[in-house]
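Shown next are two forms of a single protein chain, provided one at a time as structure tokens under the names structure 1 and structure 2.
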Structure 1
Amino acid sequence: MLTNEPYYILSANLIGLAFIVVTTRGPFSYERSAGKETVRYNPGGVSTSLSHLMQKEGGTWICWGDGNNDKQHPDEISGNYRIIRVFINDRERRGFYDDYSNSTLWPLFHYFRERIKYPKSAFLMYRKVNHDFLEAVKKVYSPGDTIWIHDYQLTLLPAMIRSEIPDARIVFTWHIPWVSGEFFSSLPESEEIIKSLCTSNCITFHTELYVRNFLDSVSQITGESESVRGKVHSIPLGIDYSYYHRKSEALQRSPFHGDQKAIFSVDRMDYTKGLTSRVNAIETLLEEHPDLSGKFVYYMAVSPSRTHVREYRTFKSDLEMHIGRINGRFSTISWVPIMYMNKKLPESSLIGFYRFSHVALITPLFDGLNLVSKEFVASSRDGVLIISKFAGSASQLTGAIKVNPNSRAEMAQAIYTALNMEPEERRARLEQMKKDVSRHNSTWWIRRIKEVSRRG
């Protein structure tokens, strides 16, 4: 239940909060349309895990108020925790979010050198918005609180907090890839960012590779990394395994029609996801195995993302051109190889696709983790996972077929292998992954974060 009552209504056991969580995206936002207010929930795995933590233990969640009616809810109670929203104007949004976070840092940390932009004015706005988050933290901080900051949009916040609250316990969790030290050092603001992150008591990444790359960056920029080595950890985010497993077990009817085997993927519309390479692999598959005509359908769900950014609109048009070309080339009167859905799927449909798909095709060019792969494993009845070796979760999912997403031939061969895999091998691979995902779930992730933060 959401309220706008003053914070003092909270029970005494929540005074002296354990966690102050700081993210750009909050657990939900308010939207007003046609005179009616609705609540838009953030479905991401990070948001879901943090919501469970906050409901269980209480605390304060500081986030960006990006909903068009969020200004009516600047400070509220959601169940067992408090939400405080930071508001920025359109100019600040462009500089902080569009220009620096998503046009400089996002391509940099995914090795897209040709897409990186270096607008100096954008970094100044990025710094200003980080300072706005600092002011929100200062208003609620009490001695003993742990300030848990998330991701690349808030890299300057640790140093700002350390300057204002010297004894604060700061945990920083990084959710996207961390690149090599040489590549990161090409960023003009790399020294300010790396020194800020190093003021945290504890820094966590999703893979050992990102830990090594971060320490390499520290060494290249500052000359040494030993002083921070002990507080940098690899703790991959988990999902609520039992939730997906339970929901999928309740489904009896497949969403797919016909006798064709179903290949499925779900992604945001983003150039890092390897979408064009993936549909081109379907073309190569049909070129090399014409006998597969009519034997499968690739259901490709791509949710709209950053639709106001010209580069993303251009990327969408290019992807759809490739899909149209391939469907035009190989379709028959009764069969289309690629079923493209440019919309956000409701959770019930998504879990149904997970459960009844024969193959999940998750092949980002780079990805910090990729929770879709874990959600598929938890929900699948008898499916095969094909995953990019450049997805952070690939190192955990030992039963998956791992591919180089830059190789059409390699992906096409992996799809052919998955479609023809013997039932015993399919079950053995899936069972091993189910054990790994259920053991390292979202509860495990939070417990490990709490363990290392106490030592930091």
Structure 2
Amino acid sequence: MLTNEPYYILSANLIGLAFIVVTTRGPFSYERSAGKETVRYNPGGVSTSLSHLMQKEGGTWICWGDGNNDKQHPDEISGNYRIIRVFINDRERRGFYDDYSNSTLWPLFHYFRERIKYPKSAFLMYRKVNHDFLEAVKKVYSPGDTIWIHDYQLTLLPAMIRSEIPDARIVFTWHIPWVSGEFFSSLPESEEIIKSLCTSNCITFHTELYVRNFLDSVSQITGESESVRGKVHSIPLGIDYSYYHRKSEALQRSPFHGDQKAIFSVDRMDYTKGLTSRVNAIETLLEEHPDLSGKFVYYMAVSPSRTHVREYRTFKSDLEMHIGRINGRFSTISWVPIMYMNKKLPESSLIGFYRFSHVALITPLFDGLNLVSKEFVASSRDGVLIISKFAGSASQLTGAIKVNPNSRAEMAQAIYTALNMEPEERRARLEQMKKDVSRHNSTWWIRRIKEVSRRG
């Protein structure tokens, strides 16, 4: 990964052209086992999209060095940009990542009230790790740079930067849903978090609803939101459309065998993704339409995620139990309805699945945006998209079939409709979405971010 091109990066920083991007997850990590080093690309749409962007834009990316061999690569050049890794120990990881980020903030911002935990010591560790990121920012910052912070793991960083670099230009992009003001204020640390975010020059979300909810939270906590209204924007993240289009067009052969129709989904293993409701909908579909036995296969790819967090492990066992039950109930000697793959698919297979699936079934219970839905649209030949109305991308994807993921009957009906949709209607819906997704692509997104950050 290490190349010999530091000159471009340094000069871009000196004249203030490049972003200093700060995220928890980096683009990739190094793992060492049995004496051999391998590169692990991180799952999650945010790191995938930002790596495409950073290759084009250049700049510096500060992220967590979470791989077991990352300490050998604390500061490196990857193609067109520089990566600086922040290291935290196991105790810090538990408090910052497993507990406060993913057992308090994550369930809170996805309306899973019963899963929220409030361990005070975890917040202290969260603050400490945010401070470690501040130290990394200070080492690379030059006057004129734009510091672009991402997501719920780093909410305290804007205020920390503001107090040490008062005139820094800070852009904060929030990638998950933002809940109503009343719900957000139930968080004991809500005031510290919202005040910190408001020290940014601008804050971007993926939908108008999240913007309204954020302003509502500011009003509830501080008594007014007028002073921040002008710096809060809805700018939905776009994908590198031509990349997916080009790669998928080059594929000649379908990865699927036989003449069964292929239903496909790809997600992180997460209780917010609606995976259990989805397999239950397959059960309802087969109960209501026994003639569909042997006519389709649901290819369900689920990449491991947050495996140190107990809730995630319990969720995985529960999901696998449902898949086993449904497959046991409906399989025949020559057919299994759900083909479950618990691994991160290599990109080439993923794009093949996107390209040749008849139906993409993307039905999270809540999701900040959902980039998979856009990648599918860019890559698909003539597939039908079924999307949850609680995914941030749903409002942009006008040609999709929208469903409420909490209704098994509605989901089963949507799958049935998609499997039986006439080719002309399939193509018309897909064409409409291709136009929208290619227009609002990653280049559009970065241009809009730059526009608002200049104004902020």
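As the structure is a computational prediction, the values presented were derived from the model and not from experiment. Residues are numbered by position in structure 1's sequence, first residue being 1. Here the rigid core means the biggest group of C-alpha atoms that line up within 1.5 Å when the two forms are laid on top of each other.
Source of structure 1: the form predicted alone. In the core-superposed comparison between structure 1 and structure 2, residue 76 has its Cα shifted by at least 2 Å.
The rigid-core alignment places the CA of residue 38 2 Å or more apart between structure 1 and structure 2.
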